[in-house]
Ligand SMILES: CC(C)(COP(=O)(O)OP(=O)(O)OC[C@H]1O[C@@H](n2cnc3c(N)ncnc32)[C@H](O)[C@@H]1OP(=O)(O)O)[C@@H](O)C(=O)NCCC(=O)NCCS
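Only one chain is shown below, in structure tokens, and it's the form predicted on its own.
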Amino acid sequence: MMIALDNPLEFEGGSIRPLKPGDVHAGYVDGLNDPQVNRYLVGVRQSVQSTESVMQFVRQNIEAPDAALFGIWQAGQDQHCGTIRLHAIERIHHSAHIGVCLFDRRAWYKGMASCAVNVLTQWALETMHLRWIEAGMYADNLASEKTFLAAGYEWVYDVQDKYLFEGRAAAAKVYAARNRLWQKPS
């Protein structure tokens, strides 16, 4: 889904904007292949990523009617350090799922991910008129949990043994942001 933004969505220390194939760079590809980065990224770690496979993913998200992929830029940097994605966007239910990945480890522990989640969530609730945005994660992914809590998400429920992680059954935790002022658009 091509999201039209006149300007990037800015937050303290950075910004996000829709990602284009021309934004793909070697650091992005290398980061996705880094076992510390892709530990919780099921699809990414299933095969070695290449410039072409990453560009294909970006193109698929541009063309998808139910997804939007954004790059995360640190202030003053030419190349993005992460991505944030709305997907499974459901117009009937006015809901979506969200995921974030900082593939450049130099951007970790600076609040970039939670700021990006916060700014995209607020924009999607207000501009796309969503009423519910859901983030699911492995229960032991504490960095992701902290990211979404810092962005204002609330714990909703756990699903025991939902996934297999490193060869064992693992629980999933689900957090959500809700538009408490939501009214059906006319």
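Quick note: we count residues from 1 along the sequence shown, nothing fancier. Quick caveat: nothing in here was measured; it's all calculated off a predicted structure.
Not on display, but discussed next: the form predicted in complex with this ligand.
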- Message: Please tell me which of 57, 132, 123, 40 lies within 4.5 Å of this ligand in the predicted complex, judged by heavy atoms.
- Response: 40
- Message: Given the stretches 46-54, 123-131, 60-68, 143-151, which is the single one in contact with this ligand in the predicted complex, using a heavy atom cutoff of 4.5 Å?
- Response: 143-151
- Item | Exercise: residue 84 in contact with this ligand in the predicted complex, heavy atom 4.5 Å | no
- Message: Taking this ligand as it sits in the predicted complex, is residue 112 near enough to touch it, meaning that at least one heavy atom pair lies within 4.5 angstroms?
- Response: yes
- Taking heavy atoms only, is residue 29 within 4.5 angstroms of this ligand in the predicted complex? no
- May I ask you to check whether residue 96 falls inside a 4.5 Å heavy atom distance of this ligand in the predicted complex? no
- Message: Can you list, in sequence order, the residues from 84-102 that come within 4.5 Å of this ligand in the predicted complex, counting heavy atoms only?
- Response: 100, 101, 102
